[in-house]
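There is one chain below, alone, in structure tokens, taken in the form predicted alone.
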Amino acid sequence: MASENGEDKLLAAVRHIAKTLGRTETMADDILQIFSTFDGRLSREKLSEKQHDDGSLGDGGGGAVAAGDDRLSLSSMNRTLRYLDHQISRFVALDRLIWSDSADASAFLEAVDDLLDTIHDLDPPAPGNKPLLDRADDLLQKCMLRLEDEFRSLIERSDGGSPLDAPAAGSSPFDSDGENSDGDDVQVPVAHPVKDYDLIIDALAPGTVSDLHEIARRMVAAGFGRECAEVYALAHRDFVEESVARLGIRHRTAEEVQGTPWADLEDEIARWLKALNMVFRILIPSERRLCDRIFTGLSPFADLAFAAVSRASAIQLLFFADAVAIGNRAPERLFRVVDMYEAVRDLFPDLDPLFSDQYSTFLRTEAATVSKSLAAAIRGIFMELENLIRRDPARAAVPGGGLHPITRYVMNYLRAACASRRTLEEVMEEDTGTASPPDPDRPSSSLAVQIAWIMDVLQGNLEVKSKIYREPSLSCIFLMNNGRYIIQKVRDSELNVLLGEEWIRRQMARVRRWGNEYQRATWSKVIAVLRTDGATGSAKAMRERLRVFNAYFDEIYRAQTGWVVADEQLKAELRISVSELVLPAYRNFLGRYRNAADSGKHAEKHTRYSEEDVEARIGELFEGTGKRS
């Protein structure tokens, strides 16, 4: 009986050794096969019997065998841990990279796998296993710390242009910064601006990526996945941040951005626009791909590493845009802010798949927030344009009733702005507080309403300025000049699409009304002098009327040759209308004067201007020359 119990214990011990050392069923079976060749008592048939058969040994011997198995198991586990401790400590103590030798790297990973299997067998701990599990956990901590160092070194050496699996030179727009050419500092690959954004950058060589994946797999299996992702982010973040810096982008506070002179800020925005596309269309997608390859099958640690490595640079770029958006809203900033809005808006189709995980979705939300902030800035700039027009003082009159600078500025500004009409319509439609136009004939889009309102504000400002002129007729010339210029700028641009033909017809009617007012203010007294109402009158009375006409006409000629009508068509129309009003009345008056009973041969003596002279002088009006009579 004792001999049978001894044999059972031997068989149990052999089975346990095979189970402990064999990580798979096939390996355990191979170990049993080796044992069977040493001793006839260890035949495959006996070793293959069920180890825990309660009925095979009887009630009295079962407890003794189980106790023996436990002692043998503890002893075997102890020997295994001692062996692994010896193996792992040898690698941990190396003063060089383990991964500098591929054989050492494979052996170290195999030892880590054996340790993980041993810990798995010890967990949950049976009575008496707790000290062994503690020893195994301590050994695992050493492994993880060394793996972290190896993981970090692989990234940094590859990033730094090390011969270890270094990418081929010129294979991407990311090259080492040549400023650290003395070799004392680690050279960090950085990005050069490109125009083709449809590409992916392999910042790490395929062999390095494979090694990093093997390390990551062990760290995740050991419960150190988050630490591995953080090590990756810390090691690779310099590559991303230095690449952004190479594009001319540096971290700045909102106060610094808003305190920068606009000319300098414009240059920064131009660099930002290029950097935004480079980072969000090439650099960050490349990081997404790299993280997915290193942490393939190890979700969610690929997402965690990606978010950690890309967060700072993405936020830096978005923060700059937000700082510009909440800053000064002077009208001249519109065009650059529109460029920024369009750049962020056009990224959204790429951001949705890029930042879809739980760790980076906030970046997509942040981009949407910045887009709304830029849109609000654009609307605010239009409001500031209105205020600028309202505040423009009516101080000095424009000489000759010519085009006012505010008219030229506003119309050229709106004309240039409407080159981005669709973007501006999109921005204005976002503003749900925009009221519908009260006039059904007015354009219906929010942008059209905004532009029409600015036109009304401009027109009101011009009418106030027209009152500076002492001569009502010159006020009319001033309004006609500016009104005709507005019509021309609307017709020759996208403003025509926004405001429509009905708006133009109303503006032309205004110009015609001012023309009629000009005629009444200037020429009504002249026509009144020439009107005889059918009665010839005495020669003396006719001569007096002629003298008064000459005085009026001389006064008008002296003044209005110095007035300005810049638009040639408007100038011609005014001259024609004056001629059609004055010449028939003057011709009729001269005929009656010559036929007067007592004027006789002295009629021509008192006639200073022939009909042709009057017509010629009318043709010299509005030249801005200020001729003398």
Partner chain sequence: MPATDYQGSSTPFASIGRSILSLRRDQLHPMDGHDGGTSQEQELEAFQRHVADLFLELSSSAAGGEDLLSLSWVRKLLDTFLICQEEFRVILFDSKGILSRAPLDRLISDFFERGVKALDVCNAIRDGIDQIRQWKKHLEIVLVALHPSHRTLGEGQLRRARKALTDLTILMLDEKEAGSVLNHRNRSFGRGSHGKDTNHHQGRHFRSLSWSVSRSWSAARQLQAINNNLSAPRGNEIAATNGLAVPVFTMSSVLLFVMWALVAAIPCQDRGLGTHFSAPRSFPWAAPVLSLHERIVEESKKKDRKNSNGLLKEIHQIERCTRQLAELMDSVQFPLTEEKEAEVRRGVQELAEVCDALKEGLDPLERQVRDVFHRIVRSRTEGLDSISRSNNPE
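Here the structure is a predicted model, which is why all the values come from computation and not from measurement. If you superpose the two forms and keep the largest set of C-alpha atoms that fall within 1.5 Å, you have the rigid core. Positions refer to the first chain, counted from 1.
As for the form predicted in complex with the partner chain, it is not shown, yet the points below apply to it.
Annotated contact segment (heavy atom within 4.5 Å of the partner chain in the predicted complex): 308 to 316, selected among 549 to 557, 308 to 316, 274 to 282, 522 to 530. Not displayed here, the partner chain is approached by Q141 to within 4.5 Å at the level of heavy atoms in the predicted complex.
When the partner chain is considered in the predicted complex, R391 lines it closely, a heavy atom lying within 4.5 Å.
At the 4.5 Å threshold, heavy atoms of R218 stay clear of the partner chain in the predicted complex, well away from it. In the predicted complex, F239 approaches the partner chain with a heavy atom inside 4.5 Å.
This chain appears without its partner; in the predicted complex, the one residue of Q507, N387, T423, S100 with a heavy atom within 4.5 Å of the partner chain is N387. F224 is the sole member of W503, F224, Y485, Y518 with a non-hydrogen atom within 4.5 Å of the partner chain in the predicted complex. Contacts of stretch 239 to 256 with the partner chain in the predicted complex, defined by any heavy atom lying within 4.5 Å, are made by F239, E241, E242, H251, T253, A254, E255, E256, listed in sequence order. Once both forms are fitted on their rigid core, the CA atom of D303 lies less than 2 Å apart between this form and the one not shown. Core-superposed comparison between this form and the one not shown: the CA of A330 stays below a 2 Å shift.
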